[in-house]
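Here's a solo chain for you in structure tokens, the form predicted alone.
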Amino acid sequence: MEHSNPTPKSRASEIPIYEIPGGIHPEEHKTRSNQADIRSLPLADELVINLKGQAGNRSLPVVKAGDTVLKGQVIAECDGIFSAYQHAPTSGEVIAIENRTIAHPSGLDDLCVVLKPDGKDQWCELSPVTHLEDMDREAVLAQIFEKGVVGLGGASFPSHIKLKQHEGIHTLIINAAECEPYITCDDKLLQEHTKDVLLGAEIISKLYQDIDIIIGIEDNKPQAIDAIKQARQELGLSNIKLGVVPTKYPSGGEKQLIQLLTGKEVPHGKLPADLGLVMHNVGTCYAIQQALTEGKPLVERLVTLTGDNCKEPGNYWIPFGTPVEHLIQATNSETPKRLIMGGPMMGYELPSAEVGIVKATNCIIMSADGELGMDQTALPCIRCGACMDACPASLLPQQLYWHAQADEFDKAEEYDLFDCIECGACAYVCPSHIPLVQHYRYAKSTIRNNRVEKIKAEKARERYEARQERLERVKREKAERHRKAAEARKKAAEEAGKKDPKKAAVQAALARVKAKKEAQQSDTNEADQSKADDNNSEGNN
């Protein structure tokens, strides 16, 4: 679907800008962290690298306790294509590979590599690409894969998978909108490392044929916009266009930014690639540039540290695995009322300050008491419809809430539950302070779990039916063997009886013993096979 009438261009926009439904204008809180230059902090005494710290399968450790590693060395390899390599964020000693509390709202433990830095921060041997123009597409994707690059906009989806499809792709969108309050890491990255980001976008564009590049950015980032224009001119990258969109949450959502910049809506159940579009975050572009031109794997990222209890707010290069409690101490901050990883709209409260930074961490909010309004009591729904007006996906949040609350998951799916991007706009405007997104997440996770259980049950049924069919077959074959053996004995006895009755009796006895042994052996084999089937069934379940 396309909108035929674009709105007037926003400040400095070089392409038409379209409208999106819904959206809100929460207080930004960005000036606290975007005034200072990008900085680094001292290394923590211990890094806790979560092996499930990105979307996809858990990485598999290739080191063991007691190993000495260098910065950038592979410490965990991918588990299949839908996974990512993990590299040592600094040099030091692996002191444990064990379960630790991870950055997840559940507070669950997961497997982590615990690294004790040696203070040298010594890199392993790096292999930067010297002739990028001579590399074929698969070689570039292999470099991105092996350097552990994932999407740094929040989803941390392995980048090589997103770049795999190339046929029919005509537009590359660089997401620099950064619409969520408090977060400013993309803004500062563009201000201070503009050329690196643009070169990363150029590397991505070389994977396609005749592709347009659009940088989508909100109009509340004038310094970044000016930096892009200047760097583009200096690098001679005239193929990069600026799409400056109005400041409105959630304009940085993938589907929403596509609609703003192109007027096209991604259909239900489809991906941007189905429209010939591919989108990457500015942090991902920077990581790809570093991976190829510098040979550096992804071992750190830019993180916004902010909140009322953060005494030195700003944007910092943080090695993965750095415990959040170290960030609190290193910025001389007060003990926060709550620790939020991500923004106030789509982030989540951390179960502990001991968890380590992961690839998806773009912001840590050290909130003071009452700062985020999370202590308000939920009241009954008054059916005001404000949530519907705010929804950028044109859904019916009220109906979704009722069906999720009543565990009516089929009906929730009928109302396009999985089109919800969980932006939190509905909950933000709700006068009853109902945590709507939590209900949607509950419904989604329950539906996914039910689907998995259904698949398991179907496989168990297939195994059971196959086992029953095999047992019946064995039973029929056994009966047939016994019948043939009896006929053979009878025939042999008749023939022997005519010649020697005594010899016939002996042969008949021997035949019975032989038949009994064969039957016992058959029963033993059948029991062993049944036991093996049962063990396999238990293992699969």
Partner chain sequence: MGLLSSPFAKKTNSVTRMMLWVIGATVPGLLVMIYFFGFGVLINLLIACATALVTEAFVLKLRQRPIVPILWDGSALVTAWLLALALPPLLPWWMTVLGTSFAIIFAKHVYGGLGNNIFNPAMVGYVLLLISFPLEMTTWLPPQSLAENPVGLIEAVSIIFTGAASNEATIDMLKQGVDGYTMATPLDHIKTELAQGYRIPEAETAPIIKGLSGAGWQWVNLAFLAGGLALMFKKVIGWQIPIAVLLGMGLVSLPLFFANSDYYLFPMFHGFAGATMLGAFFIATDPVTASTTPKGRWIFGLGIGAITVLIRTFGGYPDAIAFAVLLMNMAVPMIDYYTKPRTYGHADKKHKAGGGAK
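Numbering follows the first chain given and starts at 1. Think of the rigid core as the biggest set of C-alphas that the two forms share within 1.5 Å after superposition. Source: prediction; values computed, not measured.
The form predicted in complex with the partner chain exists for this protein as well; it is not shown, and the discussion that follows is about that form.
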Could you tell me if all three of E192, S205 and T306 have a heavy atom no more than 4.5 Å from the partner chain in the predicted bound form? no
Listed residue that, although the partner chain is not shown, lies within 4.5 Å of it in the predicted bound form (heavy atoms), from P158, P344, P117, G252: P344
Answer key: of Q398, N281, S83, S91, within 4.5 Å of the partner chain in the predicted bound form (heavy atoms) is Q398
Specify the contacting stretch among 158 to 166, 132 to 140, 436 to 444, 145 to 153, defined as having any heavy atom within 4.5 Å of the partner chain in the predicted bound form. 436 to 444
Quick check on T331: any heavy atom within 4.5 Å of the partner chain in the predicted bound form? no
Any of the heavy atoms of G373 lying within 4.5 Å of the partner chain in the predicted bound form? yes
Contact label in the predicted bound form: S238 to the partner chain, heavy atom within 4.5 Å: no
Contact test in the predicted bound form: Y348 vs the partner chain, heavy atoms, 4.5 Å: yes
Taking the partner chain in the predicted bound form and a 4.5 Å non-hydrogen atom cutoff, the residues of 421 to 458 making contact are G424, A427, Y428, V429, C430, P431, S432, H433, P435, V437, Q438, H439, R441
Please check if H403 moves between this form and the one not shown, taking a CA shift of 2 Å or more relative to the superposed core as movement. yes
I want to check D219: does it shift between this form and the one not shown by 2 Å or more at the Cα, with the core superposed? no
Is_shifted E414 between this form and the one not shown (CA, 2 Å cut-off, rigid core): yes
